[in-house]
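Let's start with one chain on its own, the form predicted alone, as structure tokens.
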Amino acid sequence: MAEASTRPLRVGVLGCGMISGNHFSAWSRCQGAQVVAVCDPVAERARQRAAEFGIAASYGSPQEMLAAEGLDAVDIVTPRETHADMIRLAARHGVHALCEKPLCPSLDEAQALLEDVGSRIHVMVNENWRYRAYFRQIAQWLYEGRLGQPVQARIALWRSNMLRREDGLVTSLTRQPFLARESRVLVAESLIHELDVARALFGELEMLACSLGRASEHIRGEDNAVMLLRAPGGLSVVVEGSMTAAGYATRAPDRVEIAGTRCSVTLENGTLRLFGAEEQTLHYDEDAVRQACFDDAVQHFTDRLRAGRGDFWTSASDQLGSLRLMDQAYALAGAIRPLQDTARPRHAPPAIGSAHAGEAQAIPA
């Protein structure tokens, strides 16, 4: 790494699956680093990614790639249960690591990993949700005191990605088949992003309560979740999600509401609004924001390494805070049970004969 400041970092990517395309696109735009090798246990998949992005070498073995390529860093895009082994392997070769979230499947595993690796290498977690432009804007408003005193917040992720489509397929399981066998699904795979964003905005949080349920017959774990958290100053934060919300897109974005004593904030469908004592409305392209958060995380990782520093915004040690909340959520919720079709009124509302001007009028489709 001594000469890394005067030449591009040599980077190897471990894992060429679904999400790796966003990683490779980010690296192709990164200043100060170059992907020189890719690795995947499916050799053809590694060769395809290498050809797609003009990368010279492809491997089927991580050990072989690390031994042969003289790398400065690896980008780990492998399944979550392999992350610890990949980081330990990188540490044995003195190679820094950017690792997809979560760092490990549980807090205990992550703590053991960090104790084992110590200061031998720098490790950053690609917890890139907080790098999204609208969340960074909210963080800036909070930092500037534009909201006054935040008093309540809600982050919601409602999608239809675990419902069967007209073609009989389930979107989440076509993209990530491993979810069918996981005992931890929505919180561990998706809402850990929202927990991390909440920490970035409001500081370290305490998990007060969690309710989990499963509506889909295709998975073992949860596809619906509601979590109640509290910040040290008393601010209440609700983080919730559903993968079985009919009518919502399979990749619908987050909705956010923050109540403040001076201004409040809403985020919905890429429109961010500050209102109250002052008003500002910003519009974002969700597809652009999604790729940009990969780009920004990769550039941040590169910039810090080239400066000889490991003080990443989403360092491995910072990730422990999100993993702690994740584990607390599962512990508080207990066993995940199938949702029953009982949450409806016992009787239909009465028909009332008198006409009222306030009655809703149907709008033709």
Ligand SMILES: NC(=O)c1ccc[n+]([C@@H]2O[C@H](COP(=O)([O-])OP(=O)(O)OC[C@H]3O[C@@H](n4cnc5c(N)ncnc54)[C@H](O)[C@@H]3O)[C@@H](O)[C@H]2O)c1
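Every value quoted in this text rests on a predicted model; they were computed, and no experiment measured them. In case it trips you up, residue 1 is the first one in the sequence shown, and so on.
In what follows, reference is made to the form predicted together with the named molecule, a form of this protein that is not presented.
Though the named molecule is absent from this view, in the model of the complex it lies within 4.5 Å of a heavy atom of just one residue from S106, N224, Q137, T78, which is T78.
The single contact residue among V42, A307, A56, A68, judged by any heavy atom lying within 4.5 Å of the named molecule in the model of the complex, is V42. From the list 239-247, 207-215, 142-150, 122-130, the contact stretch for the named molecule in the model of the complex under a 4.5 Å heavy atom rule is 122-130. Remark: T82 counts among the residues lining the named molecule in the model of the complex, judged by a heavy atom distance of 4.5 Å or less. Looking at M86, you'd find a heavy atom of it within 4.5 angstroms of the named molecule in the model of the complex. Remark: Q176 counts among the residues lining the named molecule in the model of the complex, judged by a heavy atom distance of 4.5 Å or less. In the model of the complex, the named molecule lies within 4.5 Å of some heavy atom of H193.
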